[in-house]
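So this first bit is one chain, no partners, the form predicted on its own, shown in C-alpha cells.
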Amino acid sequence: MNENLQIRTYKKSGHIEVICGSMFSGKTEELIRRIRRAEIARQRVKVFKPKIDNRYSEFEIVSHNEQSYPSEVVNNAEEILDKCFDVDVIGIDEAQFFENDLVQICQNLADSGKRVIVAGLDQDYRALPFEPMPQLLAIAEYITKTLAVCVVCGAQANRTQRVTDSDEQILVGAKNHYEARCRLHHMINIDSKKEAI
C-alpha cells in the first residue's frame, strides 16, 4: 500500500435552509411540509419556536391556514443547541424573534451534520431587514422566498403592512395587526401620517 495515500473519513454534511417572506406568504406551511417529508424519510426531527410566539398554540407551530406541527418552546437560541444531539433535522419557526446568536447556533448545528430549516420574516413592517434573518440568508446553502397576495390590488406581495398604531419593531399578531402588501401599496406610519415608501 502506498504510504502517501491518505484515507479520508467523511462525516455527514449538514446545511442550512432559509424560508423567508412577508406575513401570510406560507413560510410556516413550507416549514411544516419539509419537516413532514423528513419524517416520511424516517429522519429524526425536532421543531422549535420562540416563547414570544403564542398566537395560535403554545406547543405547536401553526400556519395562518391552520396547519400545525408539535414544537418545543424556547426562551433563546442557545436552548436549541442543547436539545438537538439526537436529531437529524431541526426546524426553527419565527426566527426574527430570536437574537443574533441564532446565526452561530445554526452554523454549529449544520457543522455537526444537521439539516437546519429556518423560517422567518426577512423584513419588518417598515420593509427594513429584520435581524437575524439577513445574516441567516447570507450563510444558508438554500433559500426560498415566499410571496403573499396584496390585499389592495391582488399582486404578489413581499411586504408586511402594519394596520394598527404602534412603532415597536416586534408586535406579535396576525390579521388583527397585519396585512400582506405589494411594494406599491405598502405604507409606513411616520408622525401619524401614512406615507408610501
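In this text the structure is predicted, and so the values were computed from the model without any measurement. All residue numbers are counted from 1 along the displayed sequence.
Omitted here: the form predicted in complex with adenosine-5'-diphosphate (ADP). The next part is about that form.
- Residue among H64, R34, K46, R162 with a heavy atom within 4.5 Å of adenosine-5'-diphosphate (ADP) in the model of the complex: Contact check passes for H64.
- Item | Option touching adenosine-5'-diphosphate (ADP), based on a heavy atom within 4.5 Å in the model of the complex, out of V151, I143, I139, L128 | In short, V151.
- Message: Taking adenosine-5'-diphosphate (ADP) as it sits in the model of the complex, is I16 near enough to touch it, meaning that at least one heavy atom pair lies within 4.5 angstroms?
- Response: Close contact is absent here: in the model of the complex, I16 is far from adenosine-5'-diphosphate (ADP), nothing within 4.5 Å, heavy atoms only.
- Item | Any residue of 17 to 39 that, in the model of the complex, places a heavy atom within 4.5 Å of adenosine-5'-diphosphate (ADP) | S22, M23, F24, S25, G26, K27, T28, E29, in sequence order.
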